[in-house]
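Presented below, as structure tokens, is a lone chain in the form predicted on its own.
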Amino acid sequence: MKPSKPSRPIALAALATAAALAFAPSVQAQETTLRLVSAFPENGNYVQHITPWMQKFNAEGKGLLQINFIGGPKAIPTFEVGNAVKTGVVDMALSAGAFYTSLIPEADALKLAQISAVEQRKNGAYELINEIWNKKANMQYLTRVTDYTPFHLYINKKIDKPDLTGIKIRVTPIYRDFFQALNANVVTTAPGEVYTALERGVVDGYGWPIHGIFDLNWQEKTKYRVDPGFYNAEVTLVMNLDAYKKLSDKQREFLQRQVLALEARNEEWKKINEAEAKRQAAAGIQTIEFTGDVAKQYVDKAYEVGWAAVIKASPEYGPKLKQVLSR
């Protein structure tokens, strides 16, 4: 007889116990191990991007600080990762603010950043973010792992202006308000259902970053990409605040040094995304390009709608975040 699988509460409790034991430093080695989970699949762009960093982290942190990568959504479902960090089930997570807006409504503002992570670190944005994240979710915001990565509208009906009247677009909360403002009929489905939805005409298009559609084979059912892009795809490393505070000064200094090294790699996304656009063209995806005033109105509308939603959800912090994240 096969052993039965543990229930979710029991499994999470076991993870919490293991996390506590893993975090306890060895008396002899004074080494702490941090358990890291990803809200994204292990074979996706984002985990692959940080894998060399985790290897370097562990090589240089022997005897001091280690990362134990416990996996992606199969370990903890994507939309439960935020709470797992908050409660200390895991110590760190690779996630996106859009996945834990139920804990921190202000996290929706991260997609609206028009300045780089490096600039955000200099202008006080990180301090403001951590004020909010510490207070609302017992989280320490460590760094932004992606940058310079716009979202795009991918569509199978040719359009010549930003009007989606009568067009069915698959959405996530990231751009639902924006596409609705363009008169789209919005449809919510899991990523794994989008290919079939496109194939059957259930949807006419979708929103997605410039990269990643080949991971899901969506290029096979996509005719056009609309330029320019809008917003900035946001993937970040966050940490349980209690676990962060338990680190020694030396461990925290090491962690910060490694985080800055990872952040410095964000320039790589420019080349990755340029290559991805060429790959899409080679796969037969044509570009619909808005130019001049039309392009400006399209992008301005995206940010107008985005910030209105953030400020409505957080009258206290929304305007402050807009000030430090906008160009």
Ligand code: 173
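Numbering starts at 1 and runs along the sequence shown. Everything numeric in this text was worked out from a predicted model, so none of it was measured.
Absent from the display: the form predicted together with the named molecule. The rest refers to it.
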Counting any heavy atom within 4.5 Å as contact, can you tell me which stretch out of 80-88, 197-205, 253-261, 96-104 lines the named molecule in the predicted bound form? 96-104
Given that the partner is absent here, does W133 sit within 4.5 Å of the named molecule in the predicted bound form, heavy atoms only? no
Close approach of R170 to the named molecule in the predicted bound form, 4.5 Å, heavy atom: yes
If you check in the predicted bound form, is E234 within 4.5 Å of the named molecule, heavy atoms only? yes
Interface membership of P191, the named molecule in the predicted bound form, 4.5 Å heavy atom rule: yes
Decide yes or no: are F40, Y175 and P209 jointly within 4.5 Å of the named molecule in the predicted bound form, with each residue judged by its heavy atoms? yes
I need to confirm a contact call. Of W269, Y46, F69, F57, which residue comes within 4.5 Å of the named molecule in the predicted bound form, counting heavy atoms only? Y46
I need to confirm a contact call. Of Y141, F179, F151, Y244, which residue comes within 4.5 Å of the named molecule in the predicted bound form, counting heavy atoms only? F151
